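What follows is one chain in structure tokens, specifically the form predicted alone.
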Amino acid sequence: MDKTNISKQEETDDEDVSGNKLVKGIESIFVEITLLTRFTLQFFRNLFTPPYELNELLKQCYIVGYKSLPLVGVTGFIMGLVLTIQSRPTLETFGAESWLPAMVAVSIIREIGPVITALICAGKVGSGIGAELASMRVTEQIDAMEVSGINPFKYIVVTRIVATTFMLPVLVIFSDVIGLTGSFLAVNIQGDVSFSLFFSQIFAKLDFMDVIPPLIKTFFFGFAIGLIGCFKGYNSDKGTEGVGASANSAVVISSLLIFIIDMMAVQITSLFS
């Protein structure tokens, strides 16, 4: 009887521990959402108040945009090449091979290009911002800026979020163009289509809803990447261990937000189509 009572007590204790962990996990999620909301509101308050750090903003645009071009270009080229090669056999089965350029263009411009490019930037730019700001917090550079009379939030956070917000659409356009170029080369692997004919078929099938809404949502993708990266890095408080944790969580959360924003954008776009 004593052993039975002991085992029942242990099971009860295990259930209490698991229940406490669940409650703490839910509480931490709500705390994180609250802190992120306050961080976002602080960003908008500092965004429209002078002084404006234009030099730092241009520097961050260069880092986020120009230095990401090679990775984005290679990814876009492979994306267009592979999508075209994989789609050709299916279209040939139905005798619709002539629709290949238009189908690939709509797929890349409307969905694949913006999402894949945003995920690439979340991994490269988001992790970089998170690690950079976390290391600045660990080495007390942010505290030193506050002591010297500089607003670290405006200088560090606002410039990076604005840079990612406006540079990601540029990167998406660049990726789409390179992706269509890769598609053109893939079409000519097994055929002979002129450059002018290929792109005339593409533009003949594209309309307003194929171009503008996907471009608009990339601004929100960029904002999410910059916001999460800065939030995780700026609020890092675990010493050197927090640098890696901030970079990792910045990538994971921003990637999740990209899919959530994309899902919402698709639903909103479908209401007007």
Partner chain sequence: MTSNETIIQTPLDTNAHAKPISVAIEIQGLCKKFGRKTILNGFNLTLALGENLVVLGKSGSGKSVLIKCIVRLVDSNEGTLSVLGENISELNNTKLNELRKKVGFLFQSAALYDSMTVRENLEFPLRNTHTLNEEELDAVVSEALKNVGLLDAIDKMPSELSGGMRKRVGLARTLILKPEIMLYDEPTTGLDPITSKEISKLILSVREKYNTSSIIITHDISCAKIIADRIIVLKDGMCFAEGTFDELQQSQDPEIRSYLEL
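Numbering follows the first chain given and starts at 1. Owing to the predicted nature of the structure, the values given are computational and were not obtained by experimental measurement.
Another form exists, predicted together with the partner chain; not displayed. Remarks below refer to it.
Please determine whether residue 87 contacts the partner chain in the model of the complex, using a 4.5 Å cut-off between heavy atoms. No, residue 87 stays farther than 4.5 Å from the partner chain in the model of the complex.
So in the model of the complex, does residue 189 come within 4.5 Å of the partner chain, heavy atom to heavy atom? Residue 189: no, not in contact with the partner chain in the model of the complex.
Within 4.5 Å, heavy atoms only: does residue 200 come near the partner chain in the model of the complex? Contact with the partner chain, no.
Any non-hydrogen atom of residue 92 within 4.5 angstroms of the partner chain in the model of the complex: Residue 92: no contact with the partner chain in the model of the complex.
Could you spot which one of 71, 102, 145, 78 gets a heavy atom to within 4.5 Å of the partner chain in the model of the complex? Contact with the partner chain in the model of the complex is made by 145 alone.
Name the stretch: of 189 to 197, 137 to 145, 120 to 128, 104 to 112, exactly one has residues whose heavy atoms fall within 4.5 Å of the partner chain in the model of the complex. Contact criterion met by 137 to 145 only.
Where, within 55 to 69, is there a heavy atom within 4.5 Å of the partner chain in the model of the complex? Residue list please. Residue within 4.5 Å: 59 only.
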